[in-house]
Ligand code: ATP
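What follows is a single chain, given as structure tokens, in the form predicted alone.
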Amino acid sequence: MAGNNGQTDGTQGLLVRAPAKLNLSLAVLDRRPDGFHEIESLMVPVSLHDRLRVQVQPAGQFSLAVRFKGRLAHGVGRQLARDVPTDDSNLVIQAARLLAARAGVTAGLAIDLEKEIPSGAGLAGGSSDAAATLMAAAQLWNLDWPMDRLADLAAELGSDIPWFFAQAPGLVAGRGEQVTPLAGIKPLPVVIACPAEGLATGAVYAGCQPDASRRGEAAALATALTEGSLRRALPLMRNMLEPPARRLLPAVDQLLEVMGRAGAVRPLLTGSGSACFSLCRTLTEAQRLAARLDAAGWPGVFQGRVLPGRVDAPQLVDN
């Protein structure tokens, strides 16, 4: 393993899964002086995930290779792959370089990313990949950094990234960097569907009118779910970014309508979109909904479950 300067013999690396997230609620409360928005949201990890294999490289060498897997590797799914940069514009490389600079590590990293989470969909795949990279890098470089310190560093790169260090469902506030982990939310089945087109986060937020009266809705939803009452939870599932997303991308409006007709009990946009989802009461209900959306020709349909915590911790693998 690594020495004090982050050096290894190059024969071992880490394999880590990076889960997608869903916003079961999202309230935009105010515009902040720093250009961000004040939000409250209940976020949960789901079984849809990317995989990263991370290995130490000689000083200053950082590389990223991307391969598309799962639905993104198939013919219809290629519409969802979109462009994932492999240079310094990717959050994964930015995260690795930032941690090396702050920790005084001279070693580099080689990162192989297997991508299953669609981009531009509000599922935070890029943010999750960046968080996974920071966790793996800290372990490979033998850094004694706790999760909260890594999360603070991650907040410099993106508002969604700190939540992934909670390793559990959680309430988020501020611009997304204030995280309160939650226990007791059951692993409900979920169906996620994406149109071929993505949405730009900034444009969606620009079309949203903040409303401070929505404060507290995410906490009420969390209470209903931890008490096991999906019936009470469903009316509390609201996303204030959904109306502008529907206006900006007609495919989102169409998808939500189709999901409702296909049996989804409360279809909802996640994040700023363009992905939409539905919690399901049973596995059979989820299978039926996914099959109907597939048959309707939507290019990205994923069946999975809400996770009570992270998929796993970084695992040591041989080269």
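All of these numbers come straight from a predicted model, not from anything done at the bench. Quick note: we count residues from 1 along the sequence shown, nothing fancier.
The same protein also has a form predicted in complex with the ligand, omitted here; what follows describes it.
Visitor: Tell me, which of 95, 124, 194, 109 has a heavy atom within 4.5 angstroms of the ligand in the model of the complex?
Guide: Going through each option in turn, the one that passes is 124.
Visitor: Using heavy atoms only and a 4.5 Å cut-off, determine which of 153, 84, 173, 236 is in contact with the ligand in the model of the complex.
Guide: Of 153, 84, 173, 236, the residue with a heavy atom within 4.5 Å of the ligand in the model of the complex is 84.
Visitor: Tell me which of 113-121, 223-231, 178-186, 243-251 has residues with heavy atoms within 4.5 angstroms of the ligand in the model of the complex?
Guide: It is the stretch 113-121.
Visitor: Against the ligand in the model of the complex, would residue 91 count as a contact residue? Criterion: heavy atoms within 4.5 Å.
Guide: Residue 91: yes, in contact with the ligand in the model of the complex.
Visitor: Applying a 4.5 Å heavy atom distance criterion, does residue 278 contact the ligand in the model of the complex?
Guide: Although the ligand is absent here, residue 278 would stay clear of it in the model of the complex, with no heavy atoms inside 4.5 Å.
Visitor: At the 4.5 Å heavy atom threshold, is residue 272 in contact with the ligand in the model of the complex?
Guide: Looking in the model of the complex, residue contacts with the ligand include residue 272, since a heavy atom lies within 4.5 Å.
Visitor: When the contact criterion is heavy atoms within 4.5 Å, does residue 142 count as touching the ligand in the model of the complex?
Guide: No - in the model of the complex, heavy atoms of residue 142 and the ligand never come within 4.5 Å of each other.
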